[in-house]
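We give structure tokens for two forms of one protein chain below, kept apart as structure 1 and structure 2.
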Structure 1
Amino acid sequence: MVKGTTSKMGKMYLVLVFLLLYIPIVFLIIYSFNQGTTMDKFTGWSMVHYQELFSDKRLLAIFLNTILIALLSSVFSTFVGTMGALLVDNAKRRRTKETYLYLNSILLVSPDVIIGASFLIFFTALGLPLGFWSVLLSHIAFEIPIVVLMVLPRLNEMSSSMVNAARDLGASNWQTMSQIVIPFIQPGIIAGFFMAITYSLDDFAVTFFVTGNGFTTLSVEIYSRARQGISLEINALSGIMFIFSLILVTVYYFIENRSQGKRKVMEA
């Protein structure tokens, strides 16, 4: 009886949490179709704000900049983060491994404001103009620790006997890496890639410090426009970004299911 009650309360709690998370998003998207210009009252259905959005060349350019930064930074950070995870996993001494993990965690636990200010000082000292490259390098830097943490658990799950057996059979280091290690940790790499994209699209504080020369991203632009007054054009853009996020999650879901299917076939 107690178990059933606990299970029912758990389900109710989950429903409540999801409602609290999704109701504001649904509310925002619904008002993106409002005929009026404010969220005070819904006056009727209209696509006028989407038409305004697609005619706003500046906002569309910023949207493309944001997607480009997210994709490029995710690709580079996934590669570097995977190599970093392999380095940490191959550390001979436990103390060395713990030191690597500690250094990797600094960017994760440090406040975004501190990280953004640090990058600003660093780029200024190097004489690097603030703009596309400063934003890209900053995003790569704070995404790398995320990828490392996504890949490391898969490396810890991999039995050393698989690698030793491949080497005993005459496989080279490259063959072992490309045919044994990488396929095994592929789910972690994919998860790290998608997490990196999410963090890049979501970032505001770090980007706010390192953007300049007319280059900006959606988070910074929306903040700037919100200070001048909320426009339902932003609602329309948020709705499109939400759909884009759903597509990313769906793609990741199918890739993960396919990877699990392959692993089950290999284990069978």
Structure 2
Amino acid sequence: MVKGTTSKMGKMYLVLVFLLLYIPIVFLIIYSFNQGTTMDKFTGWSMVHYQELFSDKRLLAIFLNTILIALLSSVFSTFVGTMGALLVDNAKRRRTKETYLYLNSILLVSPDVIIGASFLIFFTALGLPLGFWSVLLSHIAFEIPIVVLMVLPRLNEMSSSMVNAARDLGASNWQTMSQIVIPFIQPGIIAGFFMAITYSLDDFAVTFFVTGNGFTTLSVEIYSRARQGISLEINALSGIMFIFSLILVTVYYFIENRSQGKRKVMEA
């Protein structure tokens, strides 16, 4: 496409859609500073809902649970997903490779409800009690395929001559893996890790199915509170989560750009 040739009408359209995209979010955050208790009338600026939020021990515990689940599941899924990507990449026959990729993508394209329902059946069949562990396992499970997809392109880019050279120079399998392959695919692994975190933080439906009583994550808590109506504490929470995702995006793109910059230097 030719850059820098947007018409006036085009620019107006862009402004309009961007406004549409951001109005709900801005609206939500502005009202988190409302003195009143509704999202109808703005009666003045105040931090009272943030104070409420920070003194709400239950909600803070849920927040920590959510972060814990996100971090733990991302670390595990990044490990397993990287192994999976290596497996797919090492497949000798085309057919095998395609089968792996097909199986890998099932959880990515399935509707959340199906994943949730089938995991619920699965855990019940195994006799695993619903709670922290079932949620953690589910999150690991649905994060693995995205990690595989983020790591694979880097593996495809790696020329086999690098591995061959390492072998010729007498490197063991382990040395080749740790000194050559892993450093090369590292940007993909990091991207996969970040994607896994966002998938985990964003998930509602799967968690909702496998969480049982007793254990809750933020999405599930927001859902049950939102069903009871407006509470500006949720607005305050969304303000904090917005800043949290902004930080995540910034870190992610910083890493991404740095690795791309490095790649450009290496190519030059």
Partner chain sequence: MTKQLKALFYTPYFVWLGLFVIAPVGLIVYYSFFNINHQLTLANYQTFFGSGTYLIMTANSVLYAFLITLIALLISYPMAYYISKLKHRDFWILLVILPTWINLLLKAYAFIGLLSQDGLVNKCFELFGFGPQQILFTNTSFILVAAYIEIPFMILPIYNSLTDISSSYIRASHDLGATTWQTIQKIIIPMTLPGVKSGVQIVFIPSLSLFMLSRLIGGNKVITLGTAVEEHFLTTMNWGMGSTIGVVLIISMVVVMALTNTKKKRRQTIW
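Structure 1 provides the reference sequence; residues are numbered from 1 along it. All values derive from a computational prediction rather than experimental measurement. Heads up, when I say rigid core I mean the largest set of C-alphas that superpose within 1.5 Å between the two forms.
Exercise. Have a look at both and say which one is the form predicted on its own.
Key: The form predicted on its own is shown as structure 1.
Quiz prompt | Core-referenced Cα shift (Å), M12, between the two structures | solution = Value for M12 between the two structures: 5.7 Å of C-alpha shift.
Quiz item: Where the rigid core has been superposed, how far does the Cα of L21 end up moving between the two structures, given in Å?
Solution: With the cores aligned, its C-alpha sits 2.7 Å away.
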